[in-house]
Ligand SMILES: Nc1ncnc2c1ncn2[C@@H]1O[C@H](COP(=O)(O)OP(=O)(O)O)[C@@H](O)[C@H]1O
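Take a look at this one chain, the form predicted on its own, written out in structure tokens.
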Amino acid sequence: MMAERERGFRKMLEKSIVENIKIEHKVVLKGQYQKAYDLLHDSLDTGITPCLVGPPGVGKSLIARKVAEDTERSFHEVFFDENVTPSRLIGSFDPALVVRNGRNISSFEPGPLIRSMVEGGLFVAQELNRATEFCQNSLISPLEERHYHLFPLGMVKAHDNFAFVATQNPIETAGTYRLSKVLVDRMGCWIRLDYPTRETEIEIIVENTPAFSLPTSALEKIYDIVDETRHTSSLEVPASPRSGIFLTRLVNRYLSRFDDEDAAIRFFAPAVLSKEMRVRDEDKTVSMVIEELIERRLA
């Protein structure tokens, strides 16, 4: 029974593997997003390495994926932290195959950076300022000389379409490192994104909410609550646009369970917002700050 179940899973796994995940909803390219898209696209066209800078959830990854899709490049990414090593980017030799075949191409399992270089894809170094200096140094050759010395195979030369994009959170964000001056010097375009305007963020929320059916009044209340977190001094980390999307999806789906839209928002908002909050005021908890904020906006 277990063997049959495992074979069934393997077949399902094989069917689920795709070369690239396509963006399934409209990407809102307005204001800062249109500018970021154009800058990113033009930088890559001229061989300049860009870096997208902004707080979590403002759309840095989506803009990079959109450019990859529009330029017909394969998309590869690595999310950096202190545990990511150069071998995670470059790849490694399979010990069993090395014993059988030696250290050659057939025994080498490439990482996402090498795959991107060979295919001419777009490699996105997500949250690069969370990478250790050791890992940052492994990126210098691919950025500057567009090659990587893969011992003992030799020099891997990047395809002409290979492109590298970095993203990073603001340097004051906890857990980040400063990028080395050598690495920064090889990035020629810094594209900054902030929280979007009211009109744009509301449009993003709607585009990311399947079967959207909420009245405008409910959508505006949700936006106002999310935006209020960005202007509340006692909160160290505000809510990202993703919080507005999650909250809207829940209220949109289950509004009929409640007496009115305010009751639905009051029920779901604390659970959605508290996931990423940190408070500066030691006398208050996250729950207290969120409850106060909700009451101010729904009063």
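Just so it is clear, the structure is predicted and the values come from calculations on it, not from any experiment. Residue positions are given as counts along the sequence shown, with the first one as 1.
There is another form of this protein, the form predicted in complex with this ligand, and it is not shown here; the text below is about that form.
Residue contact check for S107: none of its heavy atoms lie within 4.5 Å of this ligand in the model of the complex.
In the model of the complex, this ligand stays beyond 4.5 Å of every heavy atom belonging to P50. By the criterion of a heavy atom within 4.5 Å, H25 is counted among the residues contacting this ligand in the model of the complex. Using a 4.5 Å cutoff between non-hydrogen atoms, V58 counts as a contact of this ligand in the model of the complex.
The candidate stretches are 41-49, 26-34, 254-262, 231-239, and the one lying within 4.5 Å of this ligand in the model of the complex by heavy atoms is 26-34. Site residues I204, N208 and I245 are all in contact with this ligand in the model of the complex, judged by any heavy atom within 4.5 Å.
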